[in-house]
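Next comes just one chain, in structure tokens: the form predicted alone.
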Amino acid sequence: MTINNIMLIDDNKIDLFVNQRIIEKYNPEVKTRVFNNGNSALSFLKLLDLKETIESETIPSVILLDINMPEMSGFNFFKEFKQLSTLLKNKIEVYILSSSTSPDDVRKAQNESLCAGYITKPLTVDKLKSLLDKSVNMIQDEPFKKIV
């Protein structure tokens, strides 16, 4: 899997800005799409899902999702994300990117079937490299990865 498009979902504009710069520092070729809430990100994904032919350049390879957001938490995002087509869901890996180090949040993420891993903020180039290298070399049914 080639990582060419990353979606960031976070209600904190500063985190969005910083995380976008981290991704650019990691690889300026990676396109980044930012959303400040789960609802707008889901609307975008639902539009992609409706297209007869989905262009791979527009589909995020990876979503970095905050969990503590107003309107829709990251865990509620997963409930809606599950409603998308299998074709679209299979092309996207969703990682929690949160400042929460609560064991309950980590356990809840581990129990979420569509959550690929848990990253604690702040995002760094090293954490991103670790995540994306694992994504590219991922073995089917690999267990949930926690990246601290």
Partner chain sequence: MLKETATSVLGTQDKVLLASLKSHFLIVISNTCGKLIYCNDNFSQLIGLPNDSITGQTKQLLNSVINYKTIFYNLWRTLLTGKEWSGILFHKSTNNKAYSLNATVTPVHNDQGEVVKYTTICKDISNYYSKFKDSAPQFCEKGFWQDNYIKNILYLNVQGEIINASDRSLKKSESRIVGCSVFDFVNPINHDFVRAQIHKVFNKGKKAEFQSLGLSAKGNQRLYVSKINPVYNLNEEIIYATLKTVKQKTKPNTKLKAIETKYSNISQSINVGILVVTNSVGNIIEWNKGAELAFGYSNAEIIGAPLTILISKKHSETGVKELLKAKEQLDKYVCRENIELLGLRKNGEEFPLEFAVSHWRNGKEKFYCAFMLDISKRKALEAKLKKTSKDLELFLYRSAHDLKAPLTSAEGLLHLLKEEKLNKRVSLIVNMLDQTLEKGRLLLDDLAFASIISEKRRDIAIVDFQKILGSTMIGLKGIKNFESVAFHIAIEQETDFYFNRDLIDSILQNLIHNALRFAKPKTVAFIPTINILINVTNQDVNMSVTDNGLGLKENHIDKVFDLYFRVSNEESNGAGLGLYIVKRITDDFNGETRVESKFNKGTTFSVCLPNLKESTGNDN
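Residue numbers count along the first chain shown, from 1. A quick note: this is a predicted structure, and the numbers were derived from the prediction, not measured.
As for the form predicted in complex with its partner chain, it is not shown, yet the points below apply to it.
Contact with its partner chain in the predicted bound form holds for all three of 18, 21 and 100, each having a heavy atom within 4.5 Å. For the options 39, 68, 110, 32, the residue carrying a heavy atom within 4.5 angstroms of its partner chain in the predicted bound form is 68. Shown alone here, residue 124 lies within 4.5 Å of its partner chain in the predicted bound form, counting heavy atoms only.
Its partner chain in the predicted bound form is not approached by residue 130, whose heavy atoms all lie more than 4.5 angstroms from it.
Put simply, residue 105 is close to its partner chain in the predicted bound form: some heavy atom of it is within 4.5 Å.
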